[in-house]
Ligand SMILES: Cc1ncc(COP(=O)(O)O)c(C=O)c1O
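Shown next as structure tokens: one chain only, the form predicted on its own.
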Amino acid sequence: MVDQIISKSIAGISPSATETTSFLANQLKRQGIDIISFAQGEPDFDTPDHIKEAAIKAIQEGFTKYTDVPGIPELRKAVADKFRRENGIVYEEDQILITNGGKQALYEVFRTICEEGDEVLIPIPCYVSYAEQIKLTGAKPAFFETKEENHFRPTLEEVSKSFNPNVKAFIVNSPNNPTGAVIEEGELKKIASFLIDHGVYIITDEVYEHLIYDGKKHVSVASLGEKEKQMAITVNSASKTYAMTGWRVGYAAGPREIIQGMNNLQGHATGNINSIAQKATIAALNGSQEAVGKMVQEYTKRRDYMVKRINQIEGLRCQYPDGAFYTFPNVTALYGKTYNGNRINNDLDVAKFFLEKAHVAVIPGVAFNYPDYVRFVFAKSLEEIEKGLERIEQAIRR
């Protein structure tokens, strides 16, 4: 008789809170309940036409077979050109791997460089999947807390205080999910220098690099110098920049031996990614970027409205994010309030209250290892944002 059906490594990971909340919101919608979801981080814009046309052309031309595991040469070249043009990093094509979304790229990095006994240092709040992916490698996520008064940007002091000899890698997510924080270049240089001096790899999750406001600047660690480039693995995707979430195209670039290791893993796990989506991504990277600029303009309006409106609601306090499309308000002023005999004690209770009484879905901060806050997504129409926040305000007043 088998005592345990599920392996310990799988039993030890938690489901994605964003996916779980979005699934619950969709279930309620199917029951006929009008739910406004600020839960899932997905652009509400359509994929630009020239990208869709490239995919249609690929289908019509029969480009529907297996491709090379690391991606077709034309796409790896387009990615290399993008890094040179936009980030000031020179990567050769054999230093680039095309993956099934940014998540796969991140997991393959962790799985390639980490093993049991290693630790990965992570500033929190952080993206929900980092810790669970790291656990699957046998390594341990090691968190340190950023501060709201510093706009949730990690500092060298925080990194050095949290460092220990077991740290194998450090994660930079700028702009950050869930806070939208962008690390200033000067502080990023200090942090990178400290980590490199201690032989630590720097994994940079740059999926929101183009969604930046108020004149802030995105800087890739690998662009800071040759030493930084040798210790950095740069991860990105087409999902957020080009409204291509469902196309599932990510990519990673870094030292050849690491990329080759990731390629070997991918060859046995999934093989190549979707052939048609690869052709579409070439069009995305090489084609007009006008649609990206328009999206950022619209996100700026939505961000400004959402933050101003949230700060008008009793019990909520919110900063303006530097980038991405999230706000991360503090909700502790709601603790101790009751509704229908239920007492609100934490951010999970706040998220439950918003869903049950306002029919608005948000993600509790505990999902990002940072309780007392909730995450709102402003990748929604202004009409939906206005309606959702009005519902929340009325629910709190009641």
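Keep in mind the model is a prediction, meaning the values are calculated, not measured. Don't overthink the numbering: it's just position in the shown sequence, from 1.
Omitted from view is the form predicted in complex with the ligand, to which the following refers.
> For the chain shown here without its partner, which stretch in 135 to 143, 238 to 246, 77 to 85, 148 to 156 has non-hydrogen atoms within 4.5 angstroms of the ligand in the predicted bound form?
Single hit among the candidates: 238 to 246.
> At 4.5 angstroms, heavy atoms only, are G101, D205 and Y326 all close to the ligand in the predicted bound form?
Yes, all three are in contact.
> Could you work out which of Y201, Y130, F110, Y91 is the residue within 4.5 angstroms of the ligand in the predicted bound form, going by heavy atoms?
The option sitting close enough to the partner is Y130.
> Let me know the one among Q95, N173, Q266, Q278 whose heavy atoms come within 4.5 Å of the ligand in the predicted bound form, would you?
Contact with the ligand in the predicted bound form is made by N173 alone.
> If we define contact as a non-hydrogen atom of the residue within 4.5 angstroms of the partner, is A181 a contact of the ligand in the predicted bound form?
No, A181 is distant from the partner.
> Evaluate N177 for contact with the ligand in the predicted bound form, applying a 4.5 angstroms cut-off between non-hydrogen atoms, and reply yes or no.
Result yes; N177 sits at the interface with the ligand in the predicted bound form.
> Any of the heavy atoms of L285 lying within 4.5 Å of the ligand in the predicted bound form?
Looking in the predicted bound form, residue contacts with the ligand do not include L285, since no heavy atom lies within 4.5 Å.
> Considering only heavy atoms, tell me if L106 and the ligand come within 4.5 Å of each other in the predicted bound form.
Residue-level check for L106: yes, a contact with the ligand.
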